[in-house]
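In the form predicted on its own, a lone chain appears below as structure tokens.
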Amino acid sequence: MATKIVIVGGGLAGTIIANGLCRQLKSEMRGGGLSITVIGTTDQHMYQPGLLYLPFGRTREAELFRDQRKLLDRKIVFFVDPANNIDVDKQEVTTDSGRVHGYDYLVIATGSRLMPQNIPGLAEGAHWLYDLEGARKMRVALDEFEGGKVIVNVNAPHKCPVAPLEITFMLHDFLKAKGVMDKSEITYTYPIGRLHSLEPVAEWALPEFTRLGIKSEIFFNAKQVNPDAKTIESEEGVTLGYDLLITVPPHQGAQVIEDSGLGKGGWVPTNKDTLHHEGSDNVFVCGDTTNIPISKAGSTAHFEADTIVDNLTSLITEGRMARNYDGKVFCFVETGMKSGTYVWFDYETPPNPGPPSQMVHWSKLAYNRLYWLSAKGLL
């Protein structure tokens, strides 16, 4: 009987894993001893980090999308049919259409979702760039903005931890180029006692903010927004007025995770080394879906996906795991419209951002073009 691998999620993690397994196990698939099924929610694959550039007029919407079917190897079975229940005891995934997919090995890569509604008034009063509709609205707001108080409000948890800093730096350069920075004021809020969850990144960002005249309000956990009065209030009792409110909304995991009883908030309890769902030896978790306390970022998903491909290949061909995930993360950080830096770290090594340079900025722009090769598992 053929071994069945089911991957729930058609984002970067699920796509890399499916293509990587297809490449590594091509002889097994050709002989009919293995099937790979991907269950997604859409037939379009979006390059989510590209949304960072859309409100600033630095990319076109069409550059952010590809046909998901064309990104997957032809031997992979692909369904646009959202999963609504994952039963790890019965080894079954049920979808909205009522189809039941049995599996021998399961990969859960269901990602995360925006939850601005968790903070009263945030959805009505703020702009964000974490989805296409939000990025479009933010683009219009920036085009119309002629100066005033700008709040960049960061909520937790959220994916792509360096994105709030990138948004802030790029916003400064955008307003300066537009000629309104001299009559504008940018204030960055963060929910803990520094500018970033990673202390070395926070220590690097503080003098950069000071140099650019960007203010900050730490220990600011958003409680509510009053869109009419244009104020945002924190749980700590601080109220800030704004003319333009840009937010990084809080995130949660996919609803199917909660509905299936697999994890509070949609985050699946995951072994940080093996990437197994805690309590399972045939269920892997990848990308934003994990509850591992590291960055929910594209590079995290990529490095985790590579580990899972190696381990599933080894389990099927040799009956043993190949290696552990070492916590590796690599993130480019835009420090304006023409400069950037990067951070990399793992479970043992802390990040150490270097001086911003135009070369790193160009490197990130180059990677934006190479993303589709990553999704195909070729990079």
Partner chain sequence: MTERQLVDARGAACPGPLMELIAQIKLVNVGEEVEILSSDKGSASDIPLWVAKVGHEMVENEKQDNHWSMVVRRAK
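Everything numeric here is computed off the predicted structure, so don't read it as measured data. Positions refer to the first chain, counted from 1.
One more form of this protein, predicted together with the partner chain, exists but is not displayed; see below.
*Asks:* Is residue 65 close enough to the partner chain in the model of the complex to count, meaning some heavy atom within 4.5 Å?
*Replies:* Judged by the heavy-atom cut-off of 4.5 Å, residue 65 is well away from the partner chain in the model of the complex.
*Asks:* Hey, in the model of the complex, is residue 53 touching the partner chain, heavy atoms inside 4.5 Å?
*Replies:* The answer is no: residue 53 has no heavy atom within 4.5 Å of the partner chain.
*Asks:* When the contact criterion is heavy atoms within 4.5 Å, does residue 265 count as touching the partner chain in the model of the complex?
*Replies:* Output for residue 265 is yes: heavy atoms within 4.5 Å of the partner chain.
*Asks:* Test of understanding: in the model of the complex, would residue 141 fall inside 4.5 Å of the partner chain by heavy atoms?
*Replies:* No - in the model of the complex, heavy atoms of residue 141 and the partner chain never come within 4.5 Å of each other.
*Asks:* Pick from 97-105, 205-213, 185-193, 279-287: which stretch has a heavy atom within 4.5 Å of the partner chain in the model of the complex?
*Replies:* Stretch with heavy atoms near the partner: 185-193.
*Asks:* Given the partner chain in the model of the complex, answer whether the residues 153, 330 and 357 all have a heavy atom inside 4.5 Å of it.
*Replies:* No, none of the three is in contact.
*Asks:* Using heavy atoms only and a 4.5 Å cut-off, determine which of 295, 270, 168, 307 is in contact with the partner chain in the model of the complex.
*Replies:* Looking at 295, 270, 168, 307 one by one, just 295 meets the 4.5 Å heavy-atom criterion.
*Asks:* Taking 4.5 Å between heavy atoms as the contact cutoff, choose which of 252, 274, 299, 260 touches the partner chain in the model of the complex.
*Replies:* Going through each option in turn, the one that passes is 252.
*Asks:* Just give me the residues of 208-241, first to last, that have a heavy atom within 4.5 Å of the partner chain in the model of the complex.
*Replies:* In sequence order, 219, 221, 235, 236 come within 4.5 Å of the partner.
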